[in-house]
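One chain follows as structure tokens, the form predicted alone.
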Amino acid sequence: MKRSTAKSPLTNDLFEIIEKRRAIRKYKAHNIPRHHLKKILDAARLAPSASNNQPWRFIIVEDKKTKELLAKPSTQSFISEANAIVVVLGDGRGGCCGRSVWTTHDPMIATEHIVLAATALGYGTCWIANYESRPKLWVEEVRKTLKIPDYIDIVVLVAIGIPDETPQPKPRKPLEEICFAETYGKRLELD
């Protein structure tokens, strides 16, 4: 059976979305409609996970004061101006793996689904993942404010909103520099 090499419109759209995605750090004041938020979160829910454990949990923050708390102390204070912040969490209590690397890795896959779905709907995003460097008191305040149990890990924050900037694409390394054939360093022929 001969395979078609034609791309479906949906496939073309996916690659356009991937190319269009940028880290957005300025947002216009706007509320995200619930049906858009549902689509974004449903895309995250459909992400793959180890043994289908689905360790991700999501808290949607739209309250201005709580967004300001999430933005400090950090160089990413811009996230307080986002229309919403998704706090991506990892629950390592169940499944085959318990609390393990998958408690954070799988929610990061779901996070990329959030980013791509939001981009497809016309929103900009920026994900923030530097909790290890933040003061312990701040992390405790966030946990208390958002009522996050001790057995749940904070994985990343994703700011979502209507972009108020259009950043140019950042340079990317060529495929020849990052992809290899069979062994590290052996050139992969793609042409």
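Start at 1 with the first residue shown and count on from there. Keep in mind that this is a model prediction, so the values were computed, not measured.
The same protein also exists as the form predicted together with a small molecule; that form is not shown, yet it is the one meant from here on.
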query	finding
Arg172, heavy atom within 4.5 angstroms of the small molecule in the model of the complex	yes
Touches the small molecule in the model of the complex: Ala129 (any heavy atom, 4.5 Å)	yes
The small molecule contact at Leu14 in the model of the complex, heavy atom, 4.5 Å	no
Ser77, heavy atom within 4.5 angstroms of the small molecule in the model of the complex	no
Listed residue that, although the small molecule is not shown, lies within 4.5 Å of it in the model of the complex (heavy atoms), from Arg143, Arg134, His30, His36	Arg134
Segment assignment from 144-152, 38-46, 55-63, 121-129: heavy atom within 4.5 Å of the small molecule in the model of the complex	121-129
